[in-house]
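Okay, here we've got a single chain as C-alpha cells, the form predicted on its own, with questions on binding and movement later.
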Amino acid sequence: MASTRCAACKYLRRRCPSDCIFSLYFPSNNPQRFAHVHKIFGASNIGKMLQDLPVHRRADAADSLYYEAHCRIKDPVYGCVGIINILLQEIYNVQCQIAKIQAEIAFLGTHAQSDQTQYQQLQIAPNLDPNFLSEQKGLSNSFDDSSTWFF
C-alpha cells in the first residue's frame, strides 16, 4: 500500500507491505474491527486462517471472525452461542404459537362445518311446521292453560 497502513499494521505498529493479508479485510478507517479480532484470536492466527482460505472466501471469513470476536467481547461466557440460544428460544416460542393457532383454526373449522350442515338442513325443508319436530319426538309445543300451577 502506498501511504496508508491497514488497521492491523497500525495496531501492531509495523510497516504495511504491499501484499499485506490484512489490508483488504481490516481497512484503516475501522481500527476497532481488527482490535476486537486481535484480542480474541491473535494476529498470527488470523493471518494463518486467511492465508489457508481461497481468496474469494476471505472476506466472509474476516466478517465472521469480527462478528464472533465482537460477540465474545460483549458476552465473554457465551459469545455467539448465547445469541444462537436466544434465537432458538424465539423460534420455539413462535412454533408453539403457530401450533396453538392451527389448533384453534381446526377447532373453529369443525364447528363452522357443523353449523353450516345444520343451516343447510334447515334450508332443505323451509316449509316445515316448527312443531313438526317436537311432535315427532312425542313432545308438544301447545300450551294448556289448565295445567298451569301458578296464578
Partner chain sequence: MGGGSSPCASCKLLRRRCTKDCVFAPYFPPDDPHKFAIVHKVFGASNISKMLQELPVHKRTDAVSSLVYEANSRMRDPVYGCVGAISYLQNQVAQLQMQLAVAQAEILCIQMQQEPPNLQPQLVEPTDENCLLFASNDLDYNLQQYLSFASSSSSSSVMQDSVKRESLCTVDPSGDQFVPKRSTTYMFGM
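What you see is a predicted model, and the numbers here were worked out from it, not measured in a lab. Residue numbers count along the first chain shown, from 1.
The same protein also exists as the form predicted together with the partner chain; that form is not shown, yet it is the one meant from here on.
- At the 4.5 Å threshold, heavy atoms of Ile40 reach the partner chain in the predicted bound form.
- Contact annotation: Ala35 falls outside 4.5 Å of the partner chain in the predicted bound form, judged by heavy atom distances.
- Using a 4.5 Å cutoff between non-hydrogen atoms, Asn45 counts as a contact of the partner chain in the predicted bound form.
- The partner chain in the predicted bound form comes within 4.5 Å of a heavy atom belonging to Gln95.
- Contacts of stretch 83-103 with the partner chain in the predicted bound form, defined by any heavy atom lying within 4.5 Å, are made by Ile83, Ile84, Ile86, Leu87, Leu88, Glu90, Ile91, Val94, Gln95, Gln97, Ile98, Ile101, listed in sequence order.
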